[in-house]
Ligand SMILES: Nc1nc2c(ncn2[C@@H]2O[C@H](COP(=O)(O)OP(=O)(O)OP(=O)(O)O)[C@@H](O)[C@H]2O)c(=O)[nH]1
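In the block that follows, a single chain appears as structure tokens, in the form predicted on its own.
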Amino acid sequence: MEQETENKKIITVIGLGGAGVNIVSRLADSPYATHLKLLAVDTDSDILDNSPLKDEQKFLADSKWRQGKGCGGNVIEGQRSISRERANIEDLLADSSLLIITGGLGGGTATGGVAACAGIAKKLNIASIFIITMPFSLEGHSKRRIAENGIKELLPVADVLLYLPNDLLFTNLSGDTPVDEAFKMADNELARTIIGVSEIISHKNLLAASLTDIKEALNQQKSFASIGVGIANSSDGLNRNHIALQRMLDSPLLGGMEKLKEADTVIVSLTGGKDLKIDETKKTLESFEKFVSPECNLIIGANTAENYKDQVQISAIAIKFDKTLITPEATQHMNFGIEKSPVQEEKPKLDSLFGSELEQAELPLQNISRGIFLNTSPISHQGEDLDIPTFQRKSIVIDKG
């Protein structure tokens, strides 16, 4: 009964902004995303109109003020637009038990709206996962700065935040790839990633890897994530698990096997149909373990699902923490609980820094007239003219020694 209840939980995916709408549109074409409730939210009516999603899956935000013209890359306007739709978005999420929000940062609607969506999820007590892409380097420094600021806003309020640099795709792209194809590939890879992440936490009938595992691994600390997804079926070869594993290692958003070796935490999940055998499960997970560091925190999940039939999918999230953000206090506690007394360094004297003996300059206090304000009404307080300097108004004499 517990398993039946678990599988009936509704996972809602919101594609926020232009890139988010494209990603959710790719999900709608996938046979592996049938267990997901898909919603596209944007302030640009043209982008929603061009999406193959059904009308009930599309939501034009802030149509009264934006009139379907988008936010024009303005983050503040994006934040306002999504905030104005809080009540409507709450209604759309009323039956959800897990919320996955995806989009590309660097523009207006998604960058401004992600934090507002996190607040809505908190209010409804719905667990939230943000799978966000960072701009291609070719999109310029300004977009990257906007995206970085969006991450800073989102990090404290999101349950789980996975943000992926689109530049990882360059590891698999040839130099003559058209730009529009590169963007489409990014959308397709994100769609596969969302399916992989949802598989990790939506089924728990074999080895459990839960949302709590991911949340504890990240611990709301800034980290760099890369994700690989590989799918294979019996028609691909005799050893479908080996083929799926190789495809996962070649996945563009994983960025190569070295990402697994460098990772502080890796979450891996194997999903198959009812024909999934225990020996192939064991061999696959043991083979995967060879690709990660012995010091890595490895979290393993395995499950079966009806819609996979003779197919298997291997999903891996490699997480590396940003060590530059670790504070000295945190370092002391990480060092086996032994706190070291701070070394008291002798501060250099100012004389030695500037190479000569310093003298105190004299503050030039001079009596001045009211000038152009002579014939105007004075600004008075308790009978005193505040336009006259205090030392002059109170007849203070400076003793210069």
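For every residue, the number given is its place in the sequence shown, counted from 1. What you see is a predicted model, and the numbers here were worked out from it, not measured in a lab.
Keep in mind the form predicted together with the ligand is missing from the figure; the text below concerns it.
Student: Tell me which stretch of 231-239, 247-255, 180-188, 114-122 has a heavy atom within 4.5 angstroms of the ligand in the predicted bound form.
Tutor: Residues of 180-188 come within 4.5 Å of the partner.
Student: So in the predicted bound form, does E139 come within 4.5 Å of the ligand, heavy atom to heavy atom?
Tutor: Residue-level check for E139: yes, a contact with the ligand.
Student: Counting only non-hydrogen atoms and a 4.5 angstroms cut-off, does G273 reach the ligand in the predicted bound form?
Tutor: Taking the distances in the predicted bound form, the answer for G273 is no, it never comes within 4.5 Å of the ligand.
Student: Within 4.5 Å, heavy atoms only: does G108 come near the ligand in the predicted bound form?
Tutor: Output for G108 is yes: heavy atoms within 4.5 Å of the ligand.
Student: In the predicted bound form, does G196 come within 4.5 Å of the ligand, counting heavy atoms only?
Tutor: No.
Student: Only one of N166, S128, S315, S226 has a non-hydrogen atom within 4.5 angstroms of the ligand in the predicted bound form; which is it?
Tutor: Contact residue from the list: N166.
Student: Each of G73, P135 and K143 near the ligand in the predicted bound form, meaning some heavy atom within 4.5 Å?
Tutor: Yes: G73, P135 and K143 each sit within 4.5 Å of the ligand in the predicted bound form.
Student: Going through 31-60, which residues have a heavy atom within 4.5 Å of the ligand in the predicted bound form? Please give them in sequence order.
Tutor: Contacts from 31-60: D42, T43.
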